[in-house]
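Given as structure tokens, the chain that follows is alone and in the form predicted on its own.
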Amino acid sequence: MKRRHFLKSMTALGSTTLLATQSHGDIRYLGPPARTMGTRSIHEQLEKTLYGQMQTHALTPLQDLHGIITPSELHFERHHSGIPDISPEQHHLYIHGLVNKPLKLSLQDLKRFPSVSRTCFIECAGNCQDYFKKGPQTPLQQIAGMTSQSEWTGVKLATLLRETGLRKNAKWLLAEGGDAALVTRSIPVDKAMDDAIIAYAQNGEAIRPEQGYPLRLLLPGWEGSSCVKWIRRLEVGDQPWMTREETAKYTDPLKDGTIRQFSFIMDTRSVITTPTFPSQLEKGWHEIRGLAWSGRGKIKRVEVSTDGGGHWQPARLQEPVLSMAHTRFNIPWQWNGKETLLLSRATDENGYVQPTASELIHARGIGSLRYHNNGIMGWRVKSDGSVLYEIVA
């Protein structure tokens, strides 16, 4: 079959046809492709890993990713009662309480409001909570894999609250999810009126079920548990509700015997993503790469030490540098074959410098590091080129 006749017939068969060109210019039909279109190469296998006895966590492979956007299927997961299957036609968002006009909004109703998009990270407050329990042969994914970044699209919560007409004594919102656990969090009205979003899309498509389909509350820079998934209700009140997730959970016991509560904001952190375990290095030039982020604004500076903290060098920040977003950093490094320790530390635009774990313990007590542990992490490069995780006290 000649080329022009064959291509005409292939148009009718659809775009999933596999073609081969012969040396004499003719084309023959080989049959359908062996894989689904749009999937990764079989040579690039990336996956989340499950974590915890009840497997309620799935961790992002930070060490395998590039850029600042996490593919939707690799975004970390944290759920308290499984992933509900919610029909978008039957799901509604209710806003009531201290308002002049309660609202019942369907997904289609929300899509009629002006849309906004925001690229930002979401991080579980318990990210790195096992910082001191991990052995040297631990991938970055198993230590710090509960953070991911997406472009989220939806409607500003402030737009919806203006529609309801908040009363003068409205100070807090109760955000309730539609999962079996009915996860609820108290959210200050100030944050809701600032940059909160009711999101219905992630990375250009509908939010995936494990991320809250069909609707999720997005609070840029705040701990992931406050970004309530499968959100179905917002009750406006004059004080916080003191729910389980902000009393028995997600609180920080301090060394003076008090409890820090409503510690929403995720502090500045950086992690080296390469080289990390199980990298195997050869002597010569390498590029140290990583991610830095802050819930308080933009990353201003990242420094890297290749001698265990003896000296620090400024790394290059890779554009774009966005507020409350993962920022890529990199720095060239010539390894001489001697054993050393690689560290990174970030500084945000407010001047906050990422601390060591010992500094956190001195300020708050070791019991507080279950949540909001943003201490500096280390990677030990052995003389044989192997790279191992090292606790930096």
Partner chain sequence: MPAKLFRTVRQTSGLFILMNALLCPAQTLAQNERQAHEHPESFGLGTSPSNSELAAMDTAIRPDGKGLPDGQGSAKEGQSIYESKCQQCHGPKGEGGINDKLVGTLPEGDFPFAEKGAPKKTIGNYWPYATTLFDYIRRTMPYTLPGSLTNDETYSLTAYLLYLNKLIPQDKVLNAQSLPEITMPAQHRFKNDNRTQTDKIL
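What you see is a predicted model; the values in this text were computed from it and never measured. Residue numbers count along the first chain shown, from 1.
Quick note: we don't show the form predicted together with the partner chain, though the next part is all about it.
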request  = Evaluate Thr159 for contact with the partner chain in the predicted bound form, applying a 4.5 angstroms cut-off between non-hydrogen atoms, and reply yes or no.
outcome  = yes
query = So in the predicted bound form, does Met193 come within 4.5 Å of the partner chain, heavy atom to heavy atom?
reply = no
message = Is it the case that Leu343, even though its partner is missing from this view, gets within 4.5 Å of the partner chain in the predicted bound form, heavy atoms only?
response = no
query = So in the predicted bound form, does Lys101 come within 4.5 Å of the partner chain, heavy atom to heavy atom?
reply = yes
remark   = Partner contact check in the predicted bound form: of 248 to 256, 212 to 220, 117 to 125, 281 to 289, the stretch with a heavy atom within 4.5 Å of the partner chain is 248 to 256
message = What I'd like checked is whether Leu182, Arg232 and Arg296 together line the partner chain in the predicted bound form, meaning each has a non-hydrogen atom within 4.5 Å of it.
response = yes
query = Which listed residue (Arg167, Arg244, Arg208, Arg316) meets the criterion of a heavy atom within 4.5 Å of the partner chain in the predicted bound form?
reply = Arg244
note = From Ile86, Val189, Leu105, Ile198: within 4.5 Å of the partner chain in the predicted bound form by heavy atoms is Leu105
key: Those residues of 197 to 215 which, in the predicted bound form, come within 4.5 Å of the partner chain by heavy atom   = none
